[in-house]
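There is one chain below, alone, in structure tokens, taken in the form predicted alone.
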């Protein structure tokens, strides 16, 4: 039976089918929308031109329900899948199923990249790296010495917060609607004992705290996936020296990005972050330098974006 990397496979497929060669996969629920197979297989094809050891590498997509993740990991491991990318909703729950994990994954409380080991999978988190590289590439900004406002208190927000503190941001504000989740988030990141001051604020009244003249606002909420979604915050209230990054990449122009640009602020979506976290994952598995440009071109092709997105990358 033919194996198609663009197909979305299930746990039943994993049990019954053979996946020859060196296999990688993205695992999520739902995951049919993921463009990771296109990105990674394009980058693998590029690696193959330089090194024949990648001739049998293939990256797949698996839709695995949360309650079946423990069994799925056992089958993936038994069938020798070298690496897995985890997306919603598996990044947090997988930690208890791993044989080890990196310091980043432990601090962030989530893993998005798994590597095969004899006794089981080991976990890493490349989301923070993706954010830092995207801020540099898309907005020309470094995290070190920069004030950060982070919207959200979920797994993506926690990973971003931990990385920003580790990378030396000058200060961090975390805003969220649910005060309970905000409190849990603040407890988790304040235990890191960072030198940068960390503050929490409510998004219920849509107010921003007093901010310095420049910095970066990062949206790690899901608000913006739909055109009808309200703004998570009004960017026109940001000082003129601020920039905005929305982690959402589809649609490429969310209401937050449009409002930010209208207010005269530099703004970027999350496509660069997606690409760079993927680049880092493939580098961990391959131990080779991976082309971010090749991955971006494949991502843009999958999303049917105009050439300017690739040309500007």
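The shown structure was predicted, so the numbers you read here are calculated from the model rather than taken from an experiment. Numbering follows the first chain given and starts at 1.
Although not depicted, the form predicted in complex with a small molecule is the subject of the following passage.
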- prompt: Would 22, 77 and 120 all count as contacting the small molecule in the model of the complex, using a 4.5 Å heavy atom cut-off?
  reply: no
query: Hey, in the model of the complex, does residue 144 get a heavy atom within 4.5 angstroms of the small molecule?
result: no
- prompt: Looking in the model of the complex, any heavy atom of residue 199 within 4.5 Å of the small molecule?
  reply: no
Residue contact check: residue 270 to the small molecule in the model of the complex, 4.5 Å heavy atom: yes
query: Quick one: is residue 221 in contact with the small molecule in the model of the complex, heavy atoms, 4.5 Å cut-off?
result: yes
statement: As a check of understanding, the residue in 156, 148, 162, 135 with any heavy atom within 4.5 Å of the small molecule in the model of the complex should be identified as 156
statement: Answer key: of 247, 244, 279, 44, within 4.5 Å of the small molecule in the model of the complex (heavy atoms) is 247
task: Could you tell me which of 189-197, 100-108, 171-179, 135-143 sits within 4.5 Å of the small molecule in the model of the complex, going by non-hydrogen atoms?
output: 171-179
